[in-house]
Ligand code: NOJ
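Take a look at this single chain in structure tokens; it is the form predicted on its own.
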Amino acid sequence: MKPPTLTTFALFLATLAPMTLLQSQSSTPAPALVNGYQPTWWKEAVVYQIYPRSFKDSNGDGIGDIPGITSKLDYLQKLGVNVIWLSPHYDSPNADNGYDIRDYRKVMAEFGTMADFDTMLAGIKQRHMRLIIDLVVNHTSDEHHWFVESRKSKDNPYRDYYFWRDGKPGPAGPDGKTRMLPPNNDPSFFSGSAWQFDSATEQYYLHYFAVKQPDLNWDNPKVREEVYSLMRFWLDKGVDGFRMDVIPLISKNPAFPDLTPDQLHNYGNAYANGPHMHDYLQEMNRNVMAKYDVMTVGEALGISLEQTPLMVGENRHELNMIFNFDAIRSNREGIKLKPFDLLMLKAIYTHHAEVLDTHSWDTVFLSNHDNPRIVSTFGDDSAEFRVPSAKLLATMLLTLRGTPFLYQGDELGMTNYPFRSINDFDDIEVKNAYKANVLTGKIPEETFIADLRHTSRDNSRTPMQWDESANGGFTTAAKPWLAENPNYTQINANAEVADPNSIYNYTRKLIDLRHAHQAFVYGEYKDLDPENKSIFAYTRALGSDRYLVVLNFSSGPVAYTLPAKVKVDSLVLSNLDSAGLVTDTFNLAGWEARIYKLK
């Protein structure tokens, strides 16, 4: 049974403590449907992702930390976001920047203490916001005590917490002895084989990501109960849910057959949606999520839009929503950036509206810690158009269907970093790819760096730009863990908060607008001109509350004539403070965005 939840933003502010299913049943009746949707707080929320290593350093060691986040909660409250998504804060050796967890019940020492976490959480609640945290349970660190025990012997009680397999006989070496090869041809997402030989027991263990990230064996019920236990630990603290890292990969085919040539072209799809994925997610829901009023969002690597309702459908009792990567990767081909195609992007959003009905909720996002900066990728980060294009993208994200997710710095229009050499990068994915492709002569170094200048996820991990002081006010250390973008003297929070026409204050107005009008949450969506290569014009309508959004995705002026049946009443918001005369034809400047009330 689904726990009843609160409908309006005002009621959302009134109570923020976690509720058990029994408590919510006894105190709050099920709300009426809105346009066929079951209203919930996480559908009405605007989510802001914090990458703690890069957000704010409070102690001068060059690394962002939890007290630093606490010091900036007023900034986030003023912006208007409801939910903070905190990237991994757990104890970790940092082989993959915290996504290799050594202890799920301990805070990373670089980030602070559990007391610091509790203080931050209390501060979030006091400001009428909620917190979701990363759940990284496809794999652990190889320094987690489960794996430390697992690798000791074949009969260790923790052996089956992970996947251990014998190698396959290969060709004889120069000494005439048979060489052992990995159990199958599965590649790692971080280059090389997904199998690592361990001499202690002369077997291989599976790691879809870094060598120091062995994959957990979810077929072992003890592993699943360990995961559910750690989830309860954080929910009982008052956390409001989880963003679930690569969650479609948790179920594997234990036979591990070789991938076919076709599967090797997109092995992420081959790894996802294993034989028991839905069983395990439903069990997780029964044992944990159904007992709390939580928000769950899955990083849905390898899950198609058509498969999405099987994970997020209300009658499935699995997750609330997932991240589908069709839009954010629409202009990507591996590490190469393709020309932006507005027709493709519009078709993706229309397809989402067609496939996901009122029982399957969507997400909308174009940035996160694994992708380059939004304005440098989908907008125009030139001096002339950075501000209007960043505002246009915010307009789109905050008026489309689904729960919107913003990434730290989006509200400032932060841009990609001007990488010059491999030494500028921190990301293990980049370093491994450099060894596999540049050092072997497959790709010229200049080409490799030029491509990653556009697509590297280190672009989004450069420190937050708070003010004009050294290192952008991120740290007092001589050198932060990753270099600050040199444009921090022009692009920073201090300047933007003070400027009424800034990207920050425009984003705040958009968030206020979304909170005030449920048409932008539960309203119908219609693309008015899907074949227009420059203009994205769509409506959001909930009963008589109807709006038109018009976006010029080009740097040149466009005279755009509305379809005959669409009649505007008044201008609600524009990113260029346009007069917005109410006529049938709009004279739009480059990267102009307008929102109109419809008659």
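Counting begins at 1, following the sequence as shown. Owing to the predicted nature of the structure, the values given are computational and were not obtained by experimental measurement.
Quick note: we don't show the form predicted together with 1-deoxynojirimycin, though the next part is all about it.
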| item | value |
| --- | --- |
| Open or blocked, once 1-deoxynojirimycin is placed by superposing site C-alphas in the predicted bound form (3+ ligand atoms within 2.4 Å of backbone or C-beta means blocked) | open |
| Answer range among 345-353, 145-153, 327-335, 456-464 for contact with 1-deoxynojirimycin, defined in the predicted bound form as heavy atoms within 4.5 Å | 456-464 |
| The unique member of R130, R243, R386, R373 whose heavy atoms fall within 4.5 Å of 1-deoxynojirimycin in the predicted bound form | R243 |
| Candidate from L206, V136, M120, V81 lying within 4.5 Å of 1-deoxynojirimycin in the predicted bound form - any heavy atom | V136 |
| Contact flag, H369 vs 1-deoxynojirimycin in the predicted bound form, heavy atom cut 4.5 Å | yes |
| T377: touches 1-deoxynojirimycin in the predicted bound form, heavy atom cutoff 4.5 angstroms | no |
| Any non-hydrogen atom of F520 within 4.5 angstroms of 1-deoxynojirimycin in the predicted bound form | no |
| 4.5 Å heavy atom contact, F163 and 1-deoxynojirimycin in the predicted bound form | no |
| Within 91-129, the residues that have a heavy atom no more than 4.5 Å from 1-deoxynojirimycin in the predicted bound form | D96, Y99 |
